[in-house]
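The chain below stands alone and is given as structure tokens, in the form predicted alone.
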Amino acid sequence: MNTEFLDYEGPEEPELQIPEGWESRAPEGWEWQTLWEAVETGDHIYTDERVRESIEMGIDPRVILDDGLFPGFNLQADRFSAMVIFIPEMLITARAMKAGLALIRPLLAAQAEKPIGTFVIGTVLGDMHDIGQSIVTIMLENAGFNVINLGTDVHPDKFIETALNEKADLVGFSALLSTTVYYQKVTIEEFQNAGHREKVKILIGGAPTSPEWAEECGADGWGKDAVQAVRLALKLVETPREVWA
């Protein structure tokens, strides 16, 4: 009997990393740990309740986000990246995170917090899959981007029109099928033909994609998963590019 796999324990379990000396900025009595645990476990109902309670207590919405929602979501994102959990578990956590964000986003807007950049995202023409790019959307919003999600089966002209109207900093093309991934290259070519290629940074992702494909089709970057895509977006939004007229 082959026992090679019997000793395999799977990927190492990431742990919540709290920097040494870190203390919550919230008033004493606000149990921020219960909120990030609600997000981590994907309990969207309890997340909603805890965020509402926090708002009623007068907790700053940015503190609710940074000290309550982010830690649990980021822990699950690290697990997802390490393949400890997979898309179903990540979607459950994303639903809980979304429930909390829905309550504090208007409060953050009232504080006039400026997004770090505008990101237009969608699944390319002919492809109806949106699970991956939905996770990326949530994580981009969590990171501070203004995200315009065009959904699935997006024509190149729609990407270009939206990027122009929104003065986008970055654009992302998702594809899950080997039969549709070619439209990532087509869409980049259409940006070039329209004279807008140098005004945006373009990222691609999806199961059939790779760093080699990103280079071949002329993208500025490739993300193997949502975590890497967001890290790359944060880097690219700071790089020089032409300004929209």
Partner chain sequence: MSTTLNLIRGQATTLELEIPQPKLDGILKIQGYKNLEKVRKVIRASALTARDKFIEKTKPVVSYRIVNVHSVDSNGAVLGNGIHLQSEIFKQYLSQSVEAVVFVLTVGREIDEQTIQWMDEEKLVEALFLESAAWLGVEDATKQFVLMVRSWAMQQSMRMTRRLGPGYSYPIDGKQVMWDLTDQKPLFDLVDDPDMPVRLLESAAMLPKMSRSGLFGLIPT
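Not measured: the values here are computed from a predicted model. Positions refer to the first chain, counted from 1.
Missing here is the form predicted in complex with the partner chain; even so, the following discussion is about that form.
> Does Thr34 make contact with the partner chain in the predicted complex, using a 4.5 Å heavy atom cut-off?
Replying inline: No, no contact at 4.5 Å.
> Is Leu140 close to the partner chain in the predicted complex, meaning a heavy atom pair under 4.5 Å apart or at it?
Replying inline: No, Leu140 sits far enough from the partner chain in the predicted complex that none of its heavy atoms falls within 4.5 Å.
> Does the 4.5 Å heavy atom contact test between Gly126 and the partner chain in the predicted complex come out positive?
Replying inline: Residue-level check for Gly126: yes, a contact with the partner chain.
>> Can you work out whether Pro88 and the partner chain are in contact in the predicted complex, taking contact to mean some heavy atom pair no more than 4.5 Å apart?
In response: Close contact exists here: in the predicted complex, Pro88 approaches the partner chain to within 4.5 Å, heavy atoms only.
> Only one of 67 to 75, 102 to 110, 165 to 173, 129 to 137 gets a heavy atom within 4.5 Å of the partner chain in the predicted complex; which is it?
Replying inline: Among the listed stretches, the partner-contacting one is 129 to 137.
> Pick from Ile116, Ile148, Ala82, Ile92: which residue has any heavy atom within 4.5 angstroms of the partner chain in the predicted complex?
Replying inline: The residue from Ile116, Ile148, Ala82, Ile92 that makes the contact is Ile92.
> Within 164 to 182, which residues have a heavy atom closer than or equal to 4.5 Å from the partner chain in the predicted complex?
Replying inline: Leu177, Ser178, Thr179, Thr180, in sequence order.
> Between Ala94 and Asn142, does the Cα distance in the predicted complex come out closer or farther than in this form, changing by 3 Å or more?
Replying inline: Result: closer.
> Compared with this form, is the Leu91-Asn142 Cα separation smaller or larger in the predicted complex, the difference being 3 Å or more?
Replying inline: Pair moves closer in the predicted complex.
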